[in-house]
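Here's a solo chain for you in structure tokens, the form predicted on its own.
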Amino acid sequence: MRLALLAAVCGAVFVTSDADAAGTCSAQARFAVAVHGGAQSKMRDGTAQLAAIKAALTAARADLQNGASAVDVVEKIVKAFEDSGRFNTGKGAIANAAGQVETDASIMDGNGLRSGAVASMTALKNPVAAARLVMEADRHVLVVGDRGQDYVLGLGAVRVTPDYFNNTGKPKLEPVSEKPHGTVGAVALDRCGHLAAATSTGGFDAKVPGRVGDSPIVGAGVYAADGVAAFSGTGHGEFFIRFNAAKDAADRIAYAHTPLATAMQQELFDVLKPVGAEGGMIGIDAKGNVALDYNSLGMLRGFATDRSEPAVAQYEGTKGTKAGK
């Protein structure tokens, strides 16, 4: 009864099936996955990042075809990005003003609106895996700082020392002029019809120690609800938090029946852009439509579906597809 009421309030539809119980998804042919590697404020060579994105999409497409769950797929993608050292997350996370890496991450399962998040982590190899542990423990949603880190280490998160990260010990008094975001994210629709999203970041360059952006905030930098859509965001996190960007875009779909791509455009260009907030979003709706859009110069991004091979772009190029195309 409680779950049914929650679904009605959120405009979401939660579906369980024999495939769920078996641990694989095969109820429908349709599936989709999309990723981002951060908003871009200036021209830069993203060859290595695009190669990592394409590789992740190729693997995810095969996993989804073989019945993997959306939540497993988004975690696997983001973990790979964290491990690569090529993005502002995990091993490659940029340092704060004190020269210390502090990472944030979240994951959300649209099947029941389950979610987990971590923030201001300083010694975790894979923040997104720690967020998944928080979600699966089913007691809290967000844990922060040293004490929250002790909690997830107790749940099985992998600890690393400061020398694991590429950018520790490099304090800066001011952010660099290009405003690097580099946050990574993934969204997926699996063959059970479930949606999921995950986001992970090192935050702004030279941020104040203890600063937390939108990436671990459900409704701001991440959101997923079955029957509606899944979103991950990247950009000026303070504004994504203030405007509850991911949930606002989902509500446009749930309550106003706005198409996915239009809902995302309205959020980025009508809500965020007028207040000077640069960034981007990726999204998949319950029908398998995919949208990838940004109001900045560019965004590292890509997608794949049951009918579409992986497509990637950094500046001009792909911004998604309609279901079945």
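In this text, all values refer to a predicted model and were calculated from it rather than measured experimentally. Start at 1 with the first residue shown and count on from there.
From this point on, the text means the form predicted together with a small molecule, which you will not see here.
- With the small molecule left out of view, the stretch that reaches within 4.5 Å of it through heavy atoms in the predicted bound form is, among 114-122, 212-220, 154-162, 137-145, 212-220.
- When the small molecule is considered in the predicted bound form, only one residue from 236, 76, 191, 91 comes within 4.5 Å through any heavy atom, namely 236.
- A heavy atom within 4.5 Å of the small molecule in the predicted bound form is found for one listed residue only; from 103, 183, 106, 232, this is 183.
- In the predicted bound form, at least one heavy atom of residue 204 sits within 4.5 Å of the small molecule.
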